[in-house]
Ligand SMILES: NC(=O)c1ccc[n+]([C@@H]2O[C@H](COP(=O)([O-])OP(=O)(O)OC[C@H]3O[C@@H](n4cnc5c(N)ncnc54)[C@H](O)[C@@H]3O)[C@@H](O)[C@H]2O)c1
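The chain that follows stands alone, in the form predicted on its own, written as structure tokens.
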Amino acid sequence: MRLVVFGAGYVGLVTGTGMSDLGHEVLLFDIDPAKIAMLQDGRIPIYEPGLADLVHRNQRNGRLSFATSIPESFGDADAYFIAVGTPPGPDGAADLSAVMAVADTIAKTAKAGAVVVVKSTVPVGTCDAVQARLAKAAVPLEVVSNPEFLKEGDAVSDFFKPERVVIGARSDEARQLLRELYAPLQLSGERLVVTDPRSSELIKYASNTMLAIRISFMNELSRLCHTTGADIHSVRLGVGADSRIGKKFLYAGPGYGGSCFPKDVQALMALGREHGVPMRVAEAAHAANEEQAVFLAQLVEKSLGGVTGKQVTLWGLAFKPETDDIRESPAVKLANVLLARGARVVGHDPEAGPNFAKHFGDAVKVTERDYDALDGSSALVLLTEWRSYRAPNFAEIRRRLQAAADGSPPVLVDARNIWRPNEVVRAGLRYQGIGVSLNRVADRPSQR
């Protein structure tokens, strides 16, 4: 098939490239000329494992191209994918202006009947609004909801091995076309969930909010563990052993971030307000996540006896491993608090360092090497569990960090609970985890 994908961001780039690798001819369109120039030159504007090789291969084979305008030859495309951003507005509601702008472009571009596939995360009823917007087109166009479920850091695998592909369509013809598009991904078993557009739109918000709720609840429990002396490791193991609950997304940490969970939880809350159905559980999950960021800052400050005039090192600046995305990153939130309280901040990340440095400018220092970020600091805070941080040289960390004025050892704040407290203490450092009592440093396995 011949496809046009609007939006060369995270979702559009992975989706368009993946579709081209399945044998389709794909044109990836974006209004940002700098981004398109990068892609035409073989440079990838985001870090995502495996994506660069995929882009280069399909560019060489002529199945994938990039442009800031739609050639007439793509006026008879079989499908147009809308994969543009829907950022939150002041009230948390999704901003659909980019989606509607694309709909207007498609209405002018299409010269033959086609399916318009909405990949962007949008509120319930958006596909109906896009359908109405396309009424001015000279040819019949049917809007289909096909939300994305790509995890940053594992998006290529998620595209080719999806747990489910949700399709919200009204006609048999549209359903059949989407079935044919995704047929190569169905060889090992049926993965399609076929429903109506409105249910499909809500599935995406419900899925992300459900996961956010689990994370927020475990983070609340971690704060309760600090107060009561309980241990979040044991709590997680005991809760996760129940097959009705399961073990995934039960890890305490610094709070969720990224481009999806914060935005989608707030968008669901806004959707509920709009329809007079308050999303109380989603509201609580959002509030708990904001409180976890404050709790982490307090934990760092308490561990150091105040941060004013002290230097603090942050390891892990992206919101999760295997990405350079710092949107809503716990590191950004913590750095803002530390800077406001008079601390100096030094950071390191295997991929997100340039984005972090660009965000903060001269206010923070970002080093190219992890251990170099420790020199002169009183504390190291681990915020993202990159593999290179999982088994560090604690003796080298102790050598680089500086002791407190009273002679007490430097502190390691393990916001991901991946280090063994005993190893940290044996190296002459103080250990502080999330939901782990300072008096309980038994040599237990790490949480992850």
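Only a predicted model underlies this, so the values are computations on that prediction, with no experimental measurement involved. So that there is no doubt, residue numbering starts at 1 and follows the sequence shown.
Just so you know, the form predicted in complex with the named molecule exists too; it's not on screen, but the next bit is about it.
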If you check in the model of the complex, do 29, 35 and 120 all have a non-hydrogen atom within 4.5 Å of the named molecule?
yes
Picking from 300, 267, 143, 260, the single residue whose non-hydrogen atoms come within 4.5 angstroms of the named molecule in the model of the complex is 260
Using heavy atoms only and a 4.5 Å cut-off, determine which of 83, 331, 352, 312 is in contact with the named molecule in the model of the complex.
83
Candidate stretches 71-79, 95-103, 159-167, 221-229, one within 4.5 Å of the named molecule in the model of the complex by heavy atom:
95-103
Would you please decide whether residue 9 lies within 4.5 angstroms of the named molecule in the model of the complex, comparing each non-hydrogen atom pair?
yes
Tell me, yes or no, whether residue 177 is in contact with the named molecule in the model of the complex, where a contact means a heavy atom of each within 4.5 Å.
no
Check residue 148 for me: does it contact the named molecule in the model of the complex (non-hydrogen atoms, 4.5 angstroms)?
yes
Does the 4.5 Å heavy atom contact test between residue 204 and the named molecule in the model of the complex come out positive?
yes
Of 296-332, which residues get within 4.5 Å of the named molecule in the model of the complex if you count heavy atoms?
327
